[in-house]
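First structure 1, then structure 2: two forms of the same chain, each alone, as structure tokens.
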Structure 1
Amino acid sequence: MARILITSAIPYINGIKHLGNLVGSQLPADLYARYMRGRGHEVLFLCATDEHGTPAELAAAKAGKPVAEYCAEMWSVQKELSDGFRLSFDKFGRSSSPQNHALTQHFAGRLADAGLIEEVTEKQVYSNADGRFLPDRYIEGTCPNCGYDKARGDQCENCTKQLDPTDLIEPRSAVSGSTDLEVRETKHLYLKQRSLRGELSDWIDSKTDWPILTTSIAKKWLNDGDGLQDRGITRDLDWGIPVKKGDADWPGMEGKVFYVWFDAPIEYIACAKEWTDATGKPDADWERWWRTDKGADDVRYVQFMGKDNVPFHTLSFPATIIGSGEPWKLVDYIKSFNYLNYDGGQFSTSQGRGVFMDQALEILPADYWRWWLLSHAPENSDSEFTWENFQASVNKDLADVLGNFVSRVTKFCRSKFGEQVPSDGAWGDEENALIEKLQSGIAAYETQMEAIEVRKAANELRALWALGNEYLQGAAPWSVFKEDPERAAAQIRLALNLIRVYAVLSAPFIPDAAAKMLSSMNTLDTEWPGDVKSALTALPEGHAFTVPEVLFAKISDEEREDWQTKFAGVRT
């Protein structure tokens, strides 16, 4: 039995996430976690909300609430939605937790002791009206290059020229519109990533099995221009983790907090402590996942994220860990995803475009979304959600192929043999041929799942479902029954058992439907079908079952058109 640590990129706190966010990290991470648990491995699956930074403060202000209160509320909302999508986190933590405060300060202290922190005095734009320093992109003005009047302080969206906020003509605050801006000096801590470049580079080079998307981004940051740059790890904000050197104050850094990208990945670790603290377990229970000197040396650590997160997970966070000089577990494999587009454009949280997690669950059960999103996961390139494709895929795969299989088998049995697994009769060549196909199909499914090839795994699973229908067509128990009821009994006994096998195989993708299949088969046996032949005898002769309700109702054209219209505009 292996031990697998799984983390999903932690979703930002400032609102409900859309389906693109979901499929880019949390959902495939959940698929993998459920699969590995199903195979009998020990899994720790962690996620949290990412709560610090300027956007959180502004969102709270917009909502008219103190930022701590706002974040607590949004955490509850996101928790409820992740439950709704059946995301099986062992702990859904918060980057604002006391555990993360302590650990982040601890890491900063270690890095300072190692000589990897530098104090830098720099100039930043301060908005008097807003009472805050403004990140470059929160300053707007006229582009000196092209004259575009909504250029941002980091870059002009119109002519793509990179800018400095002081380049802008008539700069103003993007928050309030105020032009009462001034340049102030402020002191910040920088993590001297440059001195870790060699170690990071060697480490990345050793990861020959990582996706191209992941390593190419990392190598670009390592080698582009002057190479990896030092990075500011503090900010002038109210909401965040106060800058401290371990337990001790950090002279000159009073009133400042750590940069959100410094503390957010550390929450992966702190979340594990949140988990043991909440369940009354000793620290040793989380340390055996994270400390290679305390049992984590046999852990395989897999991270899931969208491509925009890759630099922080391949460089910044490893720099923090390596620089600490302590034996923390480094990531073994990074699975990164491209973006999901919505009907010809991008999903957009800020513009309210697309389908959001709460809306999705209002119109259909989680399994529908899980199946479509995972079977169309944007692994090699960006992919696109359209209502037509969604309707067609879900109706065909879930309702016609899988759902109808369960339906036709259980109803036929009920009408001919009653609601119990029929006795008598023996398997013949057709059954052996089916078993052989199932055995190799399951092996193919396992291969794709181990490799975290999400779409390919979905294809293999679908092919396994189709085998059931092919078998029934060939065996034709409805005809056989007339001449040889015992033979038909053997066929249906196999088919009923196949429903249980499908439930176990399908649970990582569609956990609710899988649970329904198991309960209608009246069994708690979720053992992985390693040996198909014996797995198909798990439900013995005479075992009672019930015919389930329709597993997946089809999406009608009217519904689809209705949703197309409803989601055509922007969310208000």
Structure 2
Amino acid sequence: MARILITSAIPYINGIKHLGNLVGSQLPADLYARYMRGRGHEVLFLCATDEHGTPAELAAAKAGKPVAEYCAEMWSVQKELSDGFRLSFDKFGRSSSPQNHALTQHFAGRLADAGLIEEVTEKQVYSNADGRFLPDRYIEGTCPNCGYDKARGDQCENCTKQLDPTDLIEPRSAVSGSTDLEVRETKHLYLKQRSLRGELSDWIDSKTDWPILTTSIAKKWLNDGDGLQDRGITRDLDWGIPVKKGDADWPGMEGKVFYVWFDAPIEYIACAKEWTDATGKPDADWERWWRTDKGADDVRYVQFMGKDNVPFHTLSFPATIIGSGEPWKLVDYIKSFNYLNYDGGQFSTSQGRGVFMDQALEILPADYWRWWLLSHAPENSDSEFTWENFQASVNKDLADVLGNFVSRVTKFCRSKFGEQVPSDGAWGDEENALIEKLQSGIAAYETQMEAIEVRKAANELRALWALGNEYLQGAAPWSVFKEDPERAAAQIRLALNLIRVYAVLSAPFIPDAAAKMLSSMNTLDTEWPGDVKSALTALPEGHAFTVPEVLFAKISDEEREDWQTKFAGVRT
């Protein structure tokens, strides 16, 4: 049994996330967590809300609420939606937690003691119209690298180049749109990332199994002349983690907070302590996942994120961990994703474009979305959501293949043998051939799942569903029954057991449907079908079952057209 630590990029607190956000981190992380649990491994799956920085302040002000109250309410909203999509976090924490406050201040103190923190007097953009210093991400302008006209002052979302506000062409306040900006002096703390270039380079080079997308972004940032820079880790804001060295005050830094991109990744670790504190467990229970001197040396740590988050997770967060000089667990594998686009354009939280998590669940149950998103995950390139493709995938894969198999088998058995696994009859060549194909197909599915090749794994699972239908069509028990009811009984006995096997295999992708399949088969047996022949006898002769309701309803053309029209504009 392996021990696997899984984190997905933590979502910003300011608003409900769209389906592009979901498929870029949390959903594939959940797929992997469910699969690994299903194989009997020990898994700790952590996520949280990212609550600090100007986005939270502005969203709270817009809502007319104190920022702490707003964040608490939005945490509840995001937690409810993550539950709705069946995201199986062991803990869904908050970056504003006392645990993250303490741990972030601890890391800052360790880095300072190591000589890796420098106080810098710098020039920062001040908006006269807004009466405040503007954090980098709330200055917009044209990227000098690619010409994108909505680049932020910290990074261009289009080309992922790291920027400073003064790099932008025609900068403006993202708060008010004002161009009445001036540069004023202020003092901040910088993490001396360049001092760790050699260690970071050696560490990245050692990760020979990383996806090409992850490695190419990491090395580009590391090796570009201006890629790996010393990075400011404080901001002039009210909301955030106060700047301290551990428990001690930091002279000259009064009234400042840590930059959200410094404290947010540390929340991955703090979230584990939130988990043990909430359940009354000792610190040793979370430390065994995160500290190599407490047992974490045998943990495999896997992160999931969109490609825009890769630079911070391959450089800045590892720099914090390495620079601390303490035995913290570094990530072993980073699964990164390209962007999911929406119907000819881009999903956008800020612009309200696309389908958002709450809207999706109002339309259809989670499994419909989970299947489409995972089977079309933007792994090797950007992918695009279209309503036509969504309809076709649901109708063909879920309704016509899996749902149809379950329905035909259970209804036929009820009509000819009653609601119990039929007796009599023995397997023949057709059944043995199916078992060989299933054994091979499951092995291919396992290979892709363990490699975290999401789309390929979905293809293998779909192929396994198709094998059942092909067998049923060829065996034709409805015809065989007329001449040889015992032979038909053997065929249906195998097919009923195959429903249980499909439930176990499909649970990482479509957990609710899998649970319905197990319930209809009247079993709690979720043992992985390593030996297919044995797995196909798990439900014995005479075992009672019930015919389930329709697993997946087809999407009609009228429904698809209605949704396409409804979501053609921008969410208000």
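Just so we're on the same page, residue numbers count up from 1 along structure 1's sequence. Quick caveat, the model's predicted, so the values are computed rather than measured. Superpose the two forms; the largest set of C-alphas matching within 1.5 Å is the rigid core.
The second of the two standalone chains is derived from the form predicted on its own. Splitting the chain into two rigid parts for the change between structures 1 and 2, with each C-alpha assigned to the part whose superposition fits it better, puts residue 211 and residue 319 in the same part. The smaller of the two rigid parts, set against the larger, turns by 34° between structures 1 and 2. Core-aligned Cα shift between structures 1 and 2 at residue 128: this is 5.1 Å.
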